[in-house]
Structure formats: C-alpha cells, structure tokens
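Quick setup: one chain, the form predicted alone, written in structure tokens, and binding and motion questions come after.
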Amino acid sequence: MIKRKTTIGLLTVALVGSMLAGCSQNNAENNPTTNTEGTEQTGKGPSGEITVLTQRTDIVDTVFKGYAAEFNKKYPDVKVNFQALSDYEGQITVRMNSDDYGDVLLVPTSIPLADTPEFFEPLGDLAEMSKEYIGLEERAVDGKAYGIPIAVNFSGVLYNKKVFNDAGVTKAPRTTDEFLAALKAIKDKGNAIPLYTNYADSWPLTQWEAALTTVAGNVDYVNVEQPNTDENFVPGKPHYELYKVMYDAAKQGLIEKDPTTTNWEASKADMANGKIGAMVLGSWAIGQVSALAPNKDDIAYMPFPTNASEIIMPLADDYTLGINKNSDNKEAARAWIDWFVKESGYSVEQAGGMSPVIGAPLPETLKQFEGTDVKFELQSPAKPGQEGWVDKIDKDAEIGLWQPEFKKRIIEAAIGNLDESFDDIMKDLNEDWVNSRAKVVGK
C-alpha cells in the first residue's frame, strides 16, 4: 500500500507519549456513543446495514472480516459489508458522481478540501475533537472535522539489521557519510544489494521526498520556508542534500546492478530474506516486509541520514475515514469509524504507523527511539494565506516533487545513461522553481 504525502499541524510524539496516562481509549469505552455531531444517543445503539469501502484488497476478505466480527460483539445489530477497490482513487472519484459511494469510505486525496462538505458528513467540532485525535486538520472545513486518520505514519529507511550487522555495521548510520559507508560495507561483503531503489516500479522513488523534513532538521522547512525561498535545489539546501544521497549511492554502484529490472513485490521478500540491505520507504512498509521475514526482528527502521543538528522523523496522517453525506445509516457508520480507529488495532498492526488517538500506546517501532535524540514531529502548516503554495509552484514548474521522473533522471545520470551531472539536474530544477515561484507568489 502506497502512502501519500500530507501536511498536518505540529505535535510531537513526546506530547503524545506524555498523555498516555490520559487513557483516551478507556474513556471512550466508558462514554456514551455519539452521533456525527457529538450528541448523546438514546436507545440500545445503532442498527442496520452499512457498506465500508477500502483500498486494502489484500486483507478485505480476511482481516476486515475479523474486524466485523469483533465490531459485532459491541454492536450486534449492525451488519457491515466491505467493498475493496483496486484503484481506489480512480474508482471512488467516478462513484462519487452519484450518491452511491458506500457509507464509510477513505476521503479521496483528489477531492479539494473546500469541496469536502459537498460529499461528507461533519464528524464534529474540530477544536473539541482535537482533544482526542491528532491529524484532523487535513479534512477540516470551517471548524468542522470531516475525516479521522486511519493511522499516523512516519518516514525513514527500512533496513535489514542482520545484513548491516553481517557487514560490521552494528549501529544505525546517522549522517549521510555514515550511511554511504555502511552501504559500501554491505557491497564489499558481497551477499546483498546495499540500497534498493525499485526504479522500475517508479512510485517507490517518490518515498524519498517524505524525508525532506529529516534532512532539513526543521519542521518549518517544507510548508513555511520552502515556498518562500528561491534556493530550493542549491548546494547545502535540503532538496540538494536529500537527492545527493540517491545520486552518490547509484554513482558508487551501491544500488541494483540493473535498476530497470526491479520488482516491488519481489523486493519485499528479498529484503525479508537478507538479499537487500535498505530501502527508503514509509513506516507502512514495515509490516509488509516483516511478515515475510524468517526472523521478524531482522527488519528494522531508522531515520533518513542527515547532517542536521536535530534528527526529526516526520509524521503524516494516512487516509482519513469519512461518512457519505448521503448515507441512510450515519449512526451506524459513525459507530464503525469510532470502533475502527480506537479499537481495531489497524493503525499499528496493518498500517505500520501509530494511532491518531491521543493517549494510545506507541508502537514498538517508535518505542525503540525513546530516550534517544530522535524526535517524531508533524510538519508545521503553511502560513495563513500561503496554503498550497508548494503544490502550486511544483505543478506550474512541472518539477514533480511527489512524482518519480526527476528521481529517475538522477539515477540515470549517476549510472552513466545520461550525459549530465547531479549539479546540472539540480540547476535545472532550481531555475524552474524560481520562475514558477515568481508566478505563484507574485514577487
């Protein structure tokens, strides 16, 4: 499952951890069920039939059926049906041309924020709900929340600890030089591909962009500083330093011998079995790879290498769950959302992230960093009036920050298939950024 980029307000895991004693989940279980506007219901609870749409074609007939059975222990009068869409974004936007798009669904990323109330039921007051959940801002309009994250993910490097240990690297690399040295040690050992790019599948290359905050060492960079600078791809700046790691790894032969023949599904098994050292992926991939590993403890996660003074692993919400505005059973739909987010365990067990519920226990993948200098933080939102500037500049410039094209160009240049240097590529990208920023910002 591919995780996309999102931006939500600043909150650290330290804050989340400090609220563990609040026992939000226990309080939720003791409180009366609420409807979509947060008012107390009367009677024996919701009943009827709902349809839940999901993108998880891989577990809809197994794990999700188990969720329904558990849900029915609490709400026996609600029948839950599932529909899994293989091309979720493409298929759901077509279905939303009518009223028939289920009762509960993942809010499509293609729906403009301002249009959300046209399709979805408000779940409650943003300020009030923010006392219980993080990550609501992405789907909030006029002080109302329209979606609750199914998980909060983090970004970094997925790696096989045994492969690193066998190469003599017993501590996760912190800086770019240490990371490249570790990859070289794995290559010299000769038993595994040090860094797998998944070039042929293209989309995994977009996962690198999520590490920009880590390279910057600053939660303000992506949405606050980036749209206000003309120096976005110049030496010493986060984008330059981020993709220099990709270029240097490819240039030094630390990636696949033939990147054009990579295979995503095969790469998961290869990493699980010690044939790959590392891949730059979101936390959502942890569970998918560890499930295939003979020894799950071999699969580990580290921050993207950075030379910044602070190590920040950025947090971002996954899809958010919303209620079809045209649903005939909004009470049961809301009961499902509340149960799924708070009690199913999906966010950690299936999405590989952390729960959006304030006070929920941290996943094991985060607990390993407790007491270290690694910080888990959400990116700062854009300044008022500058919302969406980065996307607008990127689109006008046709750079494709979250597209694979210029990443492929970097790899092709590094392995000698293109007659240009890394600095040539960065200069081109920065010129495009400067020209388009002038149009968007009006300066």
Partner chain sequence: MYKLKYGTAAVFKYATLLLGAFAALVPIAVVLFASFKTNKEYSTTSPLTLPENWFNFSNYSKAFINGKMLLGFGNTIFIVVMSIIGATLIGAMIAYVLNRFRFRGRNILIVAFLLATLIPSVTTQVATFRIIDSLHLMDTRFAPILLYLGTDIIAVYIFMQFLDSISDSLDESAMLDGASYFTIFWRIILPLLAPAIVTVIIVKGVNIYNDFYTPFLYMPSENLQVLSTALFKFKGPYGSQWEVICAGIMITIIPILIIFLSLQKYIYNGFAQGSVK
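Numbering follows the first chain given and starts at 1. From a predicted model like this one, the values you see are computed outputs, not experimental measurements.
Absent from the display: the form predicted together with the partner chain. The rest refers to it.
Checking Asp373, Glu265, Asp230, Asp177 against the partner chain in the predicted complex, a heavy atom within 4.5 Å turns up for just one residue: Glu265. Contact with the partner chain in the predicted complex, judged by any heavy atom within 4.5 Å, is made by just one of Val94, Ala291, Ala181, Ala127: Val94. Comment: 83-91 is the region of 207-215, 313-321, 83-91, 186-194 lying near the partner chain in the predicted complex, near meaning a non-hydrogen atom within 4.5 Å.
Contact between Glu70 and the partner chain in the predicted complex is not found at the 4.5 Å heavy atom cutoff.
When contacts are judged by a 4.5 Å heavy atom cut-off, Lys383 does not count as touching the partner chain in the predicted complex. Contact check for Ser98: a non-hydrogen atom falls within 4.5 Å of the partner chain in the predicted complex.
Shown without its partner, the chain has Asp58, Asp61, Lys65 in segment 58-76 as residues with a non-hydrogen atom within 4.5 angstroms of the partner chain in the predicted complex.
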